[in-house]
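The data below hold one chain only, encoded as structure tokens and taken in the form predicted alone.
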Amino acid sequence: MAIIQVEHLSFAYTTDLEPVKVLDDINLEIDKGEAFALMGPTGAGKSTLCLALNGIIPHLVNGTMDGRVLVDGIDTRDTYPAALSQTVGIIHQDPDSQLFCPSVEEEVAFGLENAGLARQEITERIDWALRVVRMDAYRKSSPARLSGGQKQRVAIACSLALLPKVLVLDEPTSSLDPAGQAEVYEAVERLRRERQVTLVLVGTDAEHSAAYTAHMAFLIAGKIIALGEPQKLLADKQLVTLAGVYPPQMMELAWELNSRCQTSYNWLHMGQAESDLRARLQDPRSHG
């Protein structure tokens, strides 16, 4: 069952000169509890689409919107972001822009207090959210003293404490090292499995997102040019290059071997490559 339905969505920003069209007739459905990747180059319209999912567009951004977005049956045209914040949470790529309180637990409490929840419930949600992202040992720490991956996990906890049904991560690991990236993706995948939170992972690098998502869309110049399973989309080198997406390293290796050895490998991660290559060594006639 779809929790996100985007129907013929177009959006143009209002400027002093002329409107700038950023989204062009987007149609998209994402199922409840699914992890979905939205990929494309800088300027493709990915962040604009994210803002349309929680009502910031059309309510807080100057522009013209056509079509509609439904999230858990709620029409974002009729619902303001404050009301949607408990349905859709958005995590941006720079956690420092979202963290401003003296301690981790105060960061998580901020949104809950603004939602007018009782003190006992606030305390319980803080405890739960920090446990989920494995940051409960840092609750008294200053966010400024945390690593990049830890800060991003705190940002996730802040959104998660509001119990959203959908969590949108807009290039959440672009400024993190590999260890920090792994921390964030492992945390959100655990949320999806344990809490049935729907994940929308947005970015240009498919190294991690391809391994965690069931479906992927390529967005270029405001249009979705491809939609399907990550393994199938990323196997198409020409399409991936056109979409400005950085493929997983194992997929690049598969492309190279396919070109040189007339094989048909299609790998997202090391385990797939190891299995296929072992099979080939045992049976040289196998082409994978």
Partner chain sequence: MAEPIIRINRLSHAYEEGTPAIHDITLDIPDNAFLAIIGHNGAGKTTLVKHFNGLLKPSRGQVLVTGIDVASTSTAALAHLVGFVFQNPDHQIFSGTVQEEVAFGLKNLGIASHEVERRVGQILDELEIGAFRDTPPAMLGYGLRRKITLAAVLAMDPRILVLDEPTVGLDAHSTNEFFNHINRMHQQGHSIILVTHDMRLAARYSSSCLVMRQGCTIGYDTTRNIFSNSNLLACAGLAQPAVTRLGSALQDAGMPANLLSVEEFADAYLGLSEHTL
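Here the rigid core means the biggest group of C-alpha atoms that line up within 1.5 Å when the two forms are laid on top of each other. Positions refer to the first chain, counted from 1. If you're wondering where the values come from, they're calculated on a predicted model, not measured in any experiment.
Below, we refer to the form predicted in complex with its partner chain, which is not included among the displayed structures.
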Taking the shortest heavy atom distance, is L112 within 4.5 Å of its partner chain in the model of the complex? no
Does its partner chain come within 4.5 Å of any heavy atom of L257 in the model of the complex? yes
Spell out, yes or no, whether the shortest heavy atom distance between K140 and its partner chain in the model of the complex is within 4.5 Å. no
Touches its partner chain in the model of the complex: E105 (any heavy atom, 4.5 Å): no
Taking the partner as it appears in the model of the complex, which of 247-255, 22-30, 224-232, 57-65 has residues with heavy atoms within 4.5 Å of its partner chain? 247-255
Non-hydrogen atom within 4.5 Å of its partner chain in the model of the complex for each of D72, L163 and E189: no
Counting only heavy atoms, which residues in 93-117 are within 4.5 Å of its partner chain in the model of the complex? Q93, D94, D96
Core-superposed C-alpha of D205 shifting 2 Å or more between this form and the one not shown: no
Once you line up the core, how about R77: does its CA shift reach 2 Å between this form and the one not shown? no
